[in-house]
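Heads up, the chain below is alone and in the form predicted alone; it's given as structure tokens.
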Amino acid sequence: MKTISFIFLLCMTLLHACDRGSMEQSQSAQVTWKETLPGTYKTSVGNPPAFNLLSVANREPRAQAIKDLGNARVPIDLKEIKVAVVNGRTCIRFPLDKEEQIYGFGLNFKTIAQRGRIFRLHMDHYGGEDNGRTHAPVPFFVSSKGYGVLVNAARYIDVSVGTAVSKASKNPPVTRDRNTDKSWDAQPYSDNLEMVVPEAGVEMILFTGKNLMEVVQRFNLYCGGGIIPPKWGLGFWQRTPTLYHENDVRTEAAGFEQNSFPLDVVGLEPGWHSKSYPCTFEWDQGRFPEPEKFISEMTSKGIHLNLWMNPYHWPDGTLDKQLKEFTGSHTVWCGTVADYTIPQARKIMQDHFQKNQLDIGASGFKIDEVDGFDSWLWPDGATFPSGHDGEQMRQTYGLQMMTLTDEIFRKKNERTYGLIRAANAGSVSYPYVIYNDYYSHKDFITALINSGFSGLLWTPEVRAGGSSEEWVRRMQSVCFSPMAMINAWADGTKPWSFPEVYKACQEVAFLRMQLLPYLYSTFAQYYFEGKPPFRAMQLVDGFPASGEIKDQYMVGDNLLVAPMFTGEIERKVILPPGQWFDFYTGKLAGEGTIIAKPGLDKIPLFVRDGGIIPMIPAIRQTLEWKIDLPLEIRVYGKADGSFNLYNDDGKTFNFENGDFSMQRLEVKEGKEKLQQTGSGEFGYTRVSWRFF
């Protein structure tokens, strides 16, 4: 409670400092917005530094895809957006309508709607409170009016969403006497959203759309567009305990095969390094005496290896010596911190990764500890040889690691998929999923829903379960997320740790594998159109644009997921307009609000009327995913529907040059149609239709 009070007072002090006199005096000064792409407007006020979030992300906007969205009206009077530079800080004010709601501002775990909140966007490990300190403090918000704004600054940003009352308000709150008026409120009505950036200037980009989804699409496409993971990345993941030997990994993989459970990726936690916390980035010769031979053996069994690291260098290690002149003023766990905004430092690290990890077959990385805590991370006053300060580096270090590793995989023309603890605006085009050490099942689902507003991917990973019920419910949720993963570094938990629910866990894992064509096509939509694969209900066409729905979400256009939590035997599900059908049986589930009673072995899943879900037979590994597998196209309800079924080689970036297949699936008046576009090489060849 003390932490919340301190942040509230600090933010209000800064906001009021901007408000006193100077903010109002500058309101007559017009901010000039320039339309750079359809529905996309940009402005620069004061003297913003060249170093910002998008400069670090270093991606060009997907201009043609944004143009394909067409024009959209601006639902806000741009003259009402006020900006002033006061005492070296940039103060921004956006008007808010009475019923307007605000979403976004990065990865929140407890709240979806942000109106009425005050916070500071600050890169940090999540501490259990939605106070702005989070793994992805993205300074981008979406308004229910149909627009969104990115404040492109690599700084801690103070935000007040409908809390600060300006004397210049056009809709001032009613003054009430607390002694006699029971409707007195300690937080009077406010008609503005205010932000304070601690720099003497700022760049902002405003996005419009015909609906909230289109606003998010433009933002994602402007930041480079979404990603299509390698096919193996959408399979099942298992992370090993610390200090595992290569023989332990062999035993781990064999256990999955013997128990007939999907497995595509094994993640090696601390122990593959010769030293960790900080790291050497060199293989431990005792545990992995011949890493290249071992990785080749695992690859032959369909297993990809993902390597844990934190990016701090062991003192006097090989890399520490090479990078010494490119490191900051402070250490982390006695390890040096390289400044990867410097090209020479990037090259040294990339060359090492290339030679010692990629060239011998490692498939990707888990980049840990790039977010916080204050007690061990460098302070804001730290200095770095590039001239960027500790605050700027903290807000962008996750992005720096994403870009550094992505570049070497692209050089190899090999897609990767990994994990990271820190992201920000611009990370949408990088193949990393966020995770953390917080462990609330309900909050994990809220975070998954929030991720879609800010260009993020989040996994509600499974680590342990206090009961068999909790275990199976967590397993069900993770199978409908960007990464189906058990993160068992602490105790070696296995999918069969609770035998009484193993069958249910096995069934939902195989269901994910059956749904791979649908999931893969949904990620392709992320890349081509900017639509997040996992999305809040507010992003569904026809669904109310305001509200706080924290426990159900969409996967793609057609599939609604309503997770169950420990202790629940039924739950309320709010369906978008129209009829919806039970995924498993095809029976009509209803319209509006329904009650789901799935039993312990099922996660509630619903498909819209006319929804098309392509599925393959259950496979254990993605190496079995072939175009000659029987493809069942499930059609739900009686309405007309369509679906773009995407496929490519599953491993290279050749799809960016048009080397992919797009099969258009259509149902009109009860008759099916399949039309092939793009390369025919990857089109499914054995197709059958099933009408529910």
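Quick caveat: nothing in here was measured; it's all calculated off a predicted structure. Residue numbers run from 1 along the displayed sequence.
From this point on, the text means the form predicted in complex with a small molecule, which you will not see here.
- When contacts are defined as a non-hydrogen atom within 4.5 Å, none of Phe480, Phe510 and Trp625 contacts the small molecule in the predicted complex.
- Of the residues Lys366, Lys550, Arg608, Lys531, just one reaches the small molecule in the predicted complex with a heavy atom at 4.5 Å or closer; this is Lys366.
- For the options Pro517, Gly162, Pro270, Pro563, the residue carrying a heavy atom within 4.5 angstroms of the small molecule in the predicted complex is Pro270.
- Contact annotation: the small molecule lies within 4.5 Å of heavy atoms from the stretch 484 to 492 in the predicted complex, the single such stretch among 608 to 616, 399 to 407, 142 to 150, 484 to 492.
- At least one heavy atom of Tyr277 is located within 4.5 Å of the small molecule in the predicted complex.
- Using a 4.5 angstroms threshold between heavy atoms, Trp314 stays clear of the small molecule in the predicted complex.
- For Arg218, no non-hydrogen atom is located within 4.5 Å of the small molecule in the predicted complex, even though that partner is not displayed.
- In the predicted complex, the small molecule sits within 4.5 Å of a heavy atom belonging to Asp437.
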